[in-house]
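In structure tokens, the next block holds one chain alone, the form predicted alone.
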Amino acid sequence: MFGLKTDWSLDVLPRYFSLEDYQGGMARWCPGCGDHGVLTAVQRICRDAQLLPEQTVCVSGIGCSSRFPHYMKTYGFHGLHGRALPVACGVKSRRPDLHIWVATGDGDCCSIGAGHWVHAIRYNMNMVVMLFDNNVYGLTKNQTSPTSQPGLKTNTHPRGAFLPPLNPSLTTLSIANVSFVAQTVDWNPPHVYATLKLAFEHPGLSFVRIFQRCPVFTPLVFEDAQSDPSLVMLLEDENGVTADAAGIKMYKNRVAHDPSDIDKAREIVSREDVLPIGLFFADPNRPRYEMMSSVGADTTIEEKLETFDKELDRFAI
């Protein structure tokens, strides 16, 4: 407008994000599903770290847990069955500045997506991978999954599953270049939050197995450990998961564990007499593939064309 100074500048107030800024659509999981608690924990971590929603990406495959991106007010990619990890790795390879959260299930990750799981662990790109493990295919209505316990009656095994279950944490600990493996339980929200927060702060791929109940098909799968805290073994270390008192006071079975000792981690995670939770292994110095794959990502179109022309000129006759 006439008469106004043209050399003024606008002071932009710092952006502050509340919990509501990360809450997307209304979660439509079944009442009592452990996914609700995990979603809340991730939203709290985003708020506490003040992550920019436009620089945060949630990626998933197919399954109940894979509805996760719909309930986060961030960027999201709801991919194909078993393909959450290659999508997440593709995003991270060209946009290493983005914060990546991956939601996958025991079927999505450990069955159809098993090949991608192995290579994603080896690539060790900086992201948090949350394995929602309820021991069953829930979205497709009660089929045996790779982690189903022997004897579990499902539509694919009406007389009970008969093969021993896969141990995803132990498998992950055996993959080359693994850098972070932890476990937690959905019925302990403070421990879930502390575990995922530690995973988010780790520089590399953080694999977190979340023992999670399906209220429809496997409501009693972890009943013994839930009703008797002595059957849960809490791993303790100054560099491990440090939940507040509400998250650990009920656990009397506590074991000091150095998360740099991968052999001891494999021994502990193999135990079947107790349910170990906490940080098994962490090595922040493992090589990360996005450090190499993102080289040149900031190259302009003009620079790319110039380089391309030079390469073509080599073949000119």
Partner chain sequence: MENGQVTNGHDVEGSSEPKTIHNAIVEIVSDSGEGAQKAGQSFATIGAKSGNGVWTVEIIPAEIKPPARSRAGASGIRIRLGSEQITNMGDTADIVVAFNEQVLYGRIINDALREGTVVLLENKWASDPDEQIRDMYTTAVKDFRARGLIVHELAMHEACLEYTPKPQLGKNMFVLGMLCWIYQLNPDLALREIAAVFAKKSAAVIESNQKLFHGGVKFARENLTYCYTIPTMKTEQDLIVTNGNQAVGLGVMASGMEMVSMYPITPATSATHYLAGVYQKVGGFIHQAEDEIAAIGFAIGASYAGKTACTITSGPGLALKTEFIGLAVMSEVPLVIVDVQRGGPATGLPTKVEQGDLFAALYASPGDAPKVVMAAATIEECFHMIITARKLAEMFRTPVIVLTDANLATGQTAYPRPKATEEWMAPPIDQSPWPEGLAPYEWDKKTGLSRRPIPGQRGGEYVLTGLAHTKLSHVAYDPTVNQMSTEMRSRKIASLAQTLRPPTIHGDDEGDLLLVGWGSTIGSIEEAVDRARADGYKVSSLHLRFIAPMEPGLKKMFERFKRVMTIELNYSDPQGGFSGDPETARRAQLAQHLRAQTLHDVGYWSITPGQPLQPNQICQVIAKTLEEMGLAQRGAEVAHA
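Heads up, when I say rigid core I mean the largest set of C-alphas that superpose within 1.5 Å between the two forms. The structure displayed is predicted, hence computed values, not measured ones. Residue numbers count along the first chain shown, from 1.
Beyond what is shown, the protein has a form predicted together with its partner chain; the following relates to that form.
Non-hydrogen atom within 4.5 Å of its partner chain in the model of the complex for each of 49, 259 and 284: So, no: the whole triplet misses its partner chain.
Which of 225-233, 166-174, 73-81, 147-155 lines the interface with its partner chain in the model of the complex (heavy atom within 4.5 Å): Flagged stretch: 73-81.
Partner proximity in the model of the complex: residue 239 to its partner chain, non-hydrogen atom cutoff 4.5 Å: Judged by the heavy-atom cut-off of 4.5 Å, residue 239 is well away from its partner chain in the model of the complex.
Touches its partner chain in the model of the complex: residue 161 (any heavy atom, 4.5 Å): No, no contact at 4.5 Å.
4.5 Å heavy atom contact, residue 141 to its partner chain in the model of the complex: So residue 141 does not count as contacting its partner chain.
Contact label in the model of the complex: residue 202 to its partner chain, heavy atom within 4.5 Å: Output for residue 202 is no: heavy atoms all beyond 4.5 Å of its partner chain.
Within 47-68, the residues that have a heavy atom no more than 4.5 Å from its partner chain in the model of the complex: Contacts from 47-68: 53, 54, 55, 57, 67.
Core-aligned C-alpha movement of residue 302 between this form and the one not shown, 2 Å or more: Yes, the C-alpha moves 2 Å or more.
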